[in-house]
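One chain comes next, on its own, written out as structure tokens in the form predicted alone.
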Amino acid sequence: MTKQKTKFVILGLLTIEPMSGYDIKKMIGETIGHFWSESNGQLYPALIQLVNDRLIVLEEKQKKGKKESHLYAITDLGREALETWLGEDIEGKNIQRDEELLKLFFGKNASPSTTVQLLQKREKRVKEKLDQFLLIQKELATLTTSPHHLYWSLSLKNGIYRAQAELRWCQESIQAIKKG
């Protein structure tokens, strides 16, 4: 039986500081969104369930513009649940769906120029992602006093190293196709 991971994403983020649902969604986009995604349809029901399970509490309501915003905080029970999950084995395998690689796999059926264009577009996106990671790395260098710094740095390095390897692969693949 697979567990829904959304609750652990929320619990983990709430160890940083209390947040609203909006703040959690924003934090996901700015941090783990490079390797993990959560939709509003997953996030908000999970917040309700976590409150019902007493893993988080509704700390206060704050006004943001015309709307009231709920501020959630992790409980001791929530920290225990997160720590237990962190110690568990990974369930199943991480399935990646990559349409570009699928198209490359069937590339014999396209012209070499079409496949080169596909790889050049990917190379451009990966360069942009690497530049973004390097900017984040500079910002992270200013947060060395955070107890999360080491773990954030290690996760970020994974992204940097993967992007660098992906760039090399794109360049080598483009050259191989051009040579025929």
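Predicted model, so just to flag it, every value in this text is computed and none were measured. Residues carry their position along the shown sequence, with the first being 1.
Keep in mind that the form predicted in complex with another copy of the chain is missing from the display, and what follows is about it.
Using a 4.5 angstroms heavy atom cutoff to another copy of the chain in the model of the complex, none of Lys26, Gln49 and Asp76 count as contacting. Taking a 4.5 Å heavy atom cutoff to another copy of the chain in the model of the complex, the contact residue among Ile136, Ile32, Val57, Leu130 is Ile32. Interface residue remark: Leu143 is not counted as part of the site for another copy of the chain in the model of the complex, having no heavy atom within 4.5 Å.
The shortest heavy atom separation between Tyr44 and another copy of the chain in the model of the complex exceeds 4.5 Å. Remark: His70 does not count among the residues lining another copy of the chain in the model of the complex, judged by a heavy atom distance of 4.5 Å or less. Asn40 falls outside the set of residues with a heavy atom inside 4.5 Å of another copy of the chain in the model of the complex. Although another copy of the chain is not shown here, in the model of the complex the stretch 140 to 154 places heavy atoms of Pro147, His148, Leu150, Tyr151, Trp152, Leu154 within 4.5 Å of it, in sequence order.
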